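Form predicted alone, single chain, as structure tokens, below.
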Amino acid sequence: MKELVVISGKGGTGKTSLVASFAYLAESCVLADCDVDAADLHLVLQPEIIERRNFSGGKRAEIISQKCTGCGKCAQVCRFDAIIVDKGIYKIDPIACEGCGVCDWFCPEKAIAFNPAINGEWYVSKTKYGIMVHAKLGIAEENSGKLVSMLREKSRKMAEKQNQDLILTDGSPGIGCPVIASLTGADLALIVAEPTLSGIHDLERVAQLVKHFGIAGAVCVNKWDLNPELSSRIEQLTKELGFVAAGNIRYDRTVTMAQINQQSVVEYQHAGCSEDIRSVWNVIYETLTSSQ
């Protein structure tokens, strides 16, 4: 079983469109949308949910009004200003509460309870390309790294259950905890870069993360023709990093039209940037299948 994780130094580089196209070209796979803070792979794949579960990434405080004497000790020790007073009654602001437990520790009346916080939902769905595991975090919710780890574990189990030998993962952007959770244990990380100065900086940062975990890396440049000079610099940087140069993808408005029509780019049109995506996929597939 092989797992490809598509990542980028920031959001909006086109990695989700690539994953959807790769799924079409692979014909059979398990998909995992691990960009849980801004999940949008479902917008293209139109999944049919077959399993839905709540996600709890931690606990949240709740004041037991029958026990509370209104001493205010919890408000004094809370560093997140999560304790509010409403008409003389102490309450917890669920958005501000970080679940650290300090208020419970210092409450003289033991009037604070900690219950699992429901931070979002995760799903197993059917798509036209195969099973997809994905999720939706609630507004202002955190613990996305834990959710990503859970999604990847579930996708691996689904692949084993269905005898699938490929997992395509839409990873989180950046270099934070969700990205680390998206990467660890993967067989290959494809970094989608943009030909801008900030794009090069983003590529350098995320590439160092990939190398830190000892994962094989590949790079493709999206919209390369908007700045051929910087695209050439990215190609040179790719060689210096020891990563696979997966190819370049031209700027094409077809990408937007495909999204509007809820289709992958290569499904919507065979010419234009679809040719580039197919070429990138051939390189990636060969790299995956040739690795031990």
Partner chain sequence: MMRIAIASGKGGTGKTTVATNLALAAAAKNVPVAYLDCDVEEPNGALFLKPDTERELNVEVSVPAIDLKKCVGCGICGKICQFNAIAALGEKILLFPELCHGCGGCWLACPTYAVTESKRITGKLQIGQNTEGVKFIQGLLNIGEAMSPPVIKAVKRAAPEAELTIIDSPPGTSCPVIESIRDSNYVILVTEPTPFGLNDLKLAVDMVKALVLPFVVVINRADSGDDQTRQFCRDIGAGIIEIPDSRKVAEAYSRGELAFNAVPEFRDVFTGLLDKILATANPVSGQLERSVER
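What you see is a predicted model, and the numbers here were worked out from it, not measured in a lab. Each form is matched to the other, and the largest set of C-alpha atoms that superpose within 1.5 Å is called the rigid core. Residue numbers count along the first chain shown, from 1.
The form predicted together with the partner chain exists for this protein as well; it is not shown, and the discussion that follows is about that form.
- Checking A159, C107, L137, I83 against the partner chain in the predicted bound form, a heavy atom within 4.5 Å turns up for just one residue: L137.
- Contact check for E98: a heavy atom falls within 4.5 Å of the partner chain in the predicted bound form.
- The shortest heavy atom separation between T184 and the partner chain in the predicted bound form exceeds 4.5 Å.
- A residue is said to contact a partner when one of its heavy atoms sits within 4.5 Å of a partner heavy atom; R205 meets this definition for the partner chain in the predicted bound form.
- Within 4.5 Å of some heavy atom of the partner chain in the predicted bound form lies at least one heavy atom of G174.
- With the partner chain omitted here, the record of contacts in the predicted bound form names 88 to 96 of 214 to 222, 125 to 133, 151 to 159, 88 to 96, defined by a heavy atom within 4.5 Å.
- Using a 4.5 angstroms heavy atom cutoff to the partner chain in the predicted bound form, none of N119, F243 and G247 count as contacting.
- Counting a residue when any of its non-hydrogen atoms is within 4.5 Å of the partner chain in the predicted bound form, the hits in 44 to 64 run V44, K59.
- After superposing the rigid core, the Cα of R156 is displaced by less than 2 Å between this form and the one not shown.
- Once the rigid core is used as the reference frame, the Cα position of I215 differs between this form and the one not shown by less than 2 Å.
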